Each structure stands twice: as C-alpha cells, then as structure tokens.
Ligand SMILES: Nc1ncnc2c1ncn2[C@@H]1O[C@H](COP(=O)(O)OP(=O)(O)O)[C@@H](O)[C@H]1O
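In structure tokens, one chain follows: the form predicted alone.
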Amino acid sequence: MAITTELSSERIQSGVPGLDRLLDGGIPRGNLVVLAGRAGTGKSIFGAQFVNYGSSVLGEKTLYITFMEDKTRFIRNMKLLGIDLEEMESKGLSKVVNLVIPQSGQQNKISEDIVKAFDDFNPSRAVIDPFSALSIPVSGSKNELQSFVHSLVSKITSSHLDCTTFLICEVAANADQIGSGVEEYLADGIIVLYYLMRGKAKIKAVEIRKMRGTKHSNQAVLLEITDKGIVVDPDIELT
C-alpha cells in the first residue's frame, strides 16, 4: 500500500468499514472533502453513511443537503441499505434539507440557503449532494463560477471550522475533470469512486487522491455496495 506522508491531526471515523485504514485512522476533523465519481458509483450512499454514522453511533449533529432527489424518496432509499436517517431526524441529531436549484443568474439565493442550513443546525458532519449542481444557476464565465464556488466554500468553512464536510461532485463520462474544476483545488481531500472492468465483470473501486492532515494510501481498492451500505476492502488492491 503506497503511502503519502502529511502532518497528523485529530481524525474522525468515516463510518465506512475499511476506509479508515486507507487514511491512517480516519479523516482529519474539519476537512473539506470532495467525493467524486460517475453516476451509479455510490456517492450518495457513501455520504449518507458518513453522516448517519456520526449521528447514530457518535451522537453528532449531521446535515445532508440534497438538490436532485425528493427528501422522502432519498430517506426511503437509504433506509433500504440500513441507513436510517429518519430515525436520527426524529431524535434531533440529523437533518435532511431538500433544496431546489434556482434559475440561471440566481446563485446568491442558493448560496444563502446553504449557509443558513449550516448556521441553523451547526452540524459536526455535512454533505452537499451534488455540489456540481451549483454550477447551473451561474450564468457567467468560468471565472465567475470559480469565484462563486470559492465564496460559498469560504463562508461555510470559516463559520464551521470543526465541521467535516463532503462535497459530492459528478465526473462526466469520458472526462477527468471533477465538478467545475475548482473544487479539487479548494478541498483538503479528494476521494474518487469509479468502475473498473475485470473481464466481463464491472467492479467498483475507491481511491484517496488527496487528504491533508494524515498519511493516506493512494492505491485503488475494492468497494462494494451491500444491504448494509458501503464496505471497502483495503486488502484487495486494484490496478
């Protein structure tokens, strides 16, 4: 297992079995992490499992902001995988917020809604899914989009220093760019989920491309989606 050496800091458990072994014990608290991958690789399940573990096992307040799926349907689908966000909401430990992407040129509204959700609930863990969707209301140039993303991320991280936040970003088919391209430069960590072909079989893999504040593997390893959520096997390296 290849290791990239960085400074150590306090770590939190991800709640994804096997993943923390790739991170020398866990994700540094307060890190901003991009979780990237193509459609169907398990990004939303990964994010839901991350927040649900914080609430159900550690008693932390967690926030899940979703743009692309109805809240009721999202909670129901996650429950089928053993991730009971509804129960944690009933206990006041978790909050799922379903926001609607505004029309082109109205990016300030969505930025205010996201910041308000963070400020009102003050979570220890949060997920924005998909963060890539925030490029939709930005009608200007790429520089304007990058400025918007930078401003929003700065507002979140400066007010919630101890909140470990996942930004779920799409990777388009036949493309390498993550999201708008600026997220990966702003983030403290990048976790990528993707498919690999093994003969006629398509298998899922996870790779830690970057994680400030901890040693980490940079080897792709096996990822499986089970009826109890995502499981990572750090002993099965894929090339």
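Note that the structure is predicted; figures quoted are calculated from it, not measured. Numbers for residues come from their place in the sequence shown, where the first is 1.
One more form of this protein should be noted, the form predicted together with the ligand, which is absent from this view; the next part is about it.
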Problem - Contact at Glu10, Ser124 and His160 by the ligand in the predicted complex, all three, heavy atom at most 4.5 Å - result: no
Practice task
Could you tell me which one of Ile45, Ile190, Ala205, Leu186 places a heavy atom within 4.5 Å of the ligand in the predicted complex?
Solution key: Ile45
Exercise for the section: May I ask you to choose, among Lys210, Arg38, Arg29, Lys61, the residue with a heavy atom within 4.5 Å of the ligand in the predicted complex? Expected result: Arg38
Exercise for the section: Answer with yes or no whether Leu81 is in contact with the ligand in the predicted complex, where contact means some heavy atom within 4.5 Å. Expected result: yes
Handout entry: Contact of Asn218 with the ligand in the predicted complex (heavy atom, 4.5 Å)
Key = no
Problem - 4.5 Å heavy atom contact, Val231 and the ligand in the predicted complex - result: no
Handout entry: Partner contacts in the predicted complex for 90-117 (non-hydrogen atom within 4.5 angstroms of the ligand)
Key = none
